[in-house]
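Have a look below at one chain only, the form predicted alone, in structure tokens format.
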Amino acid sequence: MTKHRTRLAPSPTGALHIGNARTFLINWALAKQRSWDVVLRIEDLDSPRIKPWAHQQAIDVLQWLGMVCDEPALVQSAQPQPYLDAMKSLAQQGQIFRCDLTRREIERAAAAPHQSPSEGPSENRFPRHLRPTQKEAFLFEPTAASSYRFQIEDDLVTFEDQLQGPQAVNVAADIGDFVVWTQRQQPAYQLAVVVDDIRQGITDVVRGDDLLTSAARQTLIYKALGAAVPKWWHLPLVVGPDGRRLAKRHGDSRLITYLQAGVPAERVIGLIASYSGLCSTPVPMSLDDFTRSFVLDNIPRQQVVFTQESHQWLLADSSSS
């Protein structure tokens, strides 16, 4: 039988927050209850947004919470060759093409006649009539300052999400041919995550449901690369009181803030336990107790709201630490 493996994959574009902690803790509990391996990945290919301090800080925060992975971290930027190999494979299949059109040009082409682009489909949707006809556009040149797109058919992509149930996504209608290689001569997220999951042997992907539709695009890439598609587990996000994903506008929900303030990790885990259906109100809890008590069916299927009251509860015990 195949050994199940999952991954924690922080991106060092900023500090981890309470929403990240919930995803990682649920991922950890699922893995430990089912004897999966847990590996770490640092997703640091979003070059303009990478913060030099965020890599080590993410590791420090995970260790503070008690999550020490089973092997050394895979750092994306340290190993570019697997992405190049994947692109060469896709090019050999005629699956990708070079695209130098601007977002504005794509937006205008996707809009209906006599319709302003702002009234038409999303600017990111790439209609198939914009595909190039020159043969050389389907050759991969890794040193070219061009983006490359993945060519798709107008079919439904179906998959079963372990939390969200059956899914059917028409990628052609929603996004069209999507970017897998950027003008910075780096893999785009959709390609990089698939290549990394393949080389780390990932069988189960646990993450926020803001990436649910990305699973359809990634399913197409897995299949094109001849790899098994993992099981998907998409969790409802932790949001602010306005229903939007956590950000600075909601106050300070950064985990490093609580660590530096002397908040016990058990307090953060206890808050996450209340967000995960383990208890009705927050109670300090160890990682082992969280793992033992976790019940998959008790996870709320709606978004969880991080409030100022939650923030104050976390800080209430910091003075005693």
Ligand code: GLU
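Just so it is clear, the model here is predicted, and its values are computed rather than measured. Residues carry their position along the shown sequence, with the first being 1.
There is also a form predicted in complex with the ligand; it is not shown, and the following applies to it.
Note on contacts: among 238, 193, 86, 96, the single residue with a heavy atom within 4.5 Å of the ligand in the model of the complex is 193. Just one of 189, 140, 178, 159 comes within 4.5 Å of the ligand in the model of the complex, counting any heavy atom, and that one is 189. The closest non-hydrogen atom of residue 37 lies beyond 4.5 Å of the ligand in the model of the complex. Looking at residue 9, you'd find a heavy atom of it within 4.5 angstroms of the ligand in the model of the complex. When the ligand is considered in the model of the complex, residue 211 lines it closely, a heavy atom lying within 4.5 Å. Contact annotation for residue 149: none of its heavy atoms lies within 4.5 Å of the ligand in the model of the complex. Partner contact region in the model of the complex: 203-211, out of 220-228, 203-211, 77-85, 141-149, criterion any non-hydrogen atom within 4.5 Å of the ligand.
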